[in-house]
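Quick heads-up: it's one chain on its own, the form predicted on its own, in structure tokens.
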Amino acid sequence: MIKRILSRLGVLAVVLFGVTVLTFFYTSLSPVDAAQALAVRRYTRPTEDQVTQVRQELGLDRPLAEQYTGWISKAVRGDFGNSYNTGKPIIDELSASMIPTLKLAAMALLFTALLSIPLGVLSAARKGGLAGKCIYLFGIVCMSVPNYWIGFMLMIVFAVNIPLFAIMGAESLKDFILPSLAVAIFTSASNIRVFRSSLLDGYNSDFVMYARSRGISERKIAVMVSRYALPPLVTLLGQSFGFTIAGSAMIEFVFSIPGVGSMLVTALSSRDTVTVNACVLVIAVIFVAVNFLAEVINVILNPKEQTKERAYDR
């Protein structure tokens, strides 16, 4: 199993390296000159000499490969440089912005699990019944609308018509309930269907027929089937956590949350390429780390995967 983990970590390292290369070189292809944008903010109407001075100051006059080498060598040590827009260390701004986003993603993950597991079980148990059809309709509707629209609807109902929550802010955990629900409702729609399908496959499998023939109680069979059906859901939950962080900009904008999504959008609009690269790298690290953790959990949950791991080690 250790060899497999090391192998997966090697693959993840290659993925992260590819992400940094693509992001760095794609931002360099933008027709907007970062030095020109910074010079305009600094001098309002900069001359060519002032733009050239800013470009040399930022190191943008060097070859692109040399710029990337210098940036990545510092980035792996946690030094992303200073923001072109604010002049402050990016690591400080990123640390402050990441806390609200992680709170949003963690609470959304919790709500997603609380919605996906019981509704998936109920949908499988009431297959063809009214409850199963209602849950199926719920999933279709929620998958058909974007999460920020759900956020607007939740805000209108629970912050305007029924003032239980604040319209904007991220000062307490209560402020994250509505945005987390908006993300969770959208994400749960697909997770419920996957979990329901896995449960039905489990109940139709040979080991369930054998267990029933031996007189094992339905409660124990339900536990076995749930363990059988959990790995796909665990994978989806891990991916949803990463997608929440990567795609948090719209929800953060709707609820005025100063998270990493808002920071990334601001950096893109101000042509702050070093901040863009730092945000993308941190988001990619979290995404691949969470997916790796989901794989490890699946190995623990699924005995067949453990057998494969032992065979791989040999």
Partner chain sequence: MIGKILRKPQALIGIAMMLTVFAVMIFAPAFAPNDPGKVDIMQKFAEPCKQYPLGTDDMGRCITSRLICGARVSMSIALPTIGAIAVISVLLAAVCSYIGGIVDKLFVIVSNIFMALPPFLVAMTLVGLFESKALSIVISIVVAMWVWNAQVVRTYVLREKSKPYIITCRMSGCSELRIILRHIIPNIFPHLLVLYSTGLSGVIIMISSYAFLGLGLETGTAEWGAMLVNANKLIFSHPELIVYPGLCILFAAAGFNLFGEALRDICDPREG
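Positions refer to the first chain, counted from 1. Worth saying up front: this structure is predicted, and the values here are computed from it rather than measured. In this text, the rigid core denotes the largest set of C-alpha atoms whose superposition between the two forms falls within 1.5 Å.
Keep in mind that the form predicted together with its partner chain is missing from the display, and what follows is about it.
Residue-level question: is V296 within 4.5 Å of its partner chain in the predicted complex, judged on heavy atoms?
Result no; V296 lies far from its partner chain in the predicted complex.
According to a 4.5 angstroms non-hydrogen atom cut-off, is D201 in contact with its partner chain in the predicted complex?
So D201 counts as contacting its partner chain.
So in the predicted complex, does any heavy atom of V290 sit within 4.5 Å of its partner chain?
No, no contact at 4.5 Å.
Is P146 close to its partner chain in the predicted complex, meaning a heavy atom pair under 4.5 Å apart or at it?
Heavy-atom contact with its partner chain at 4.5 Å: present for P146.
With its partner chain left out here, work out from 35-43, 62-70, 48-56, 275-283 which stretch has heavy atoms within 4.5 Å of it in the predicted complex.
Answer to the contact question: 275-283.
Note which of A131, I99, V160, L173 lies within 4.5 Å of its partner chain in the predicted complex, where distance is taken over heavy atoms; exactly one does.
The option sitting close enough to the partner is V160.
Just give me the single entry in S217, S197, S95, T86 that has a non-hydrogen atom within 4.5 angstroms of its partner chain in the predicted complex.
Checking each option against its partner chain in the predicted complex, the one that comes within 4.5 Å is S197.
Residues of 123-137 having any heavy atom within 4.5 Å of its partner chain in the predicted complex, listed in sequence order
K127, Y136 sit within 4.5 Å of the partner.
Large Cα move at L16 between the shown form and the other one, threshold 2 Å, rigid core:
Comparing forms between the shown form and the other one, the L16 CA shifts at least 2 Å.
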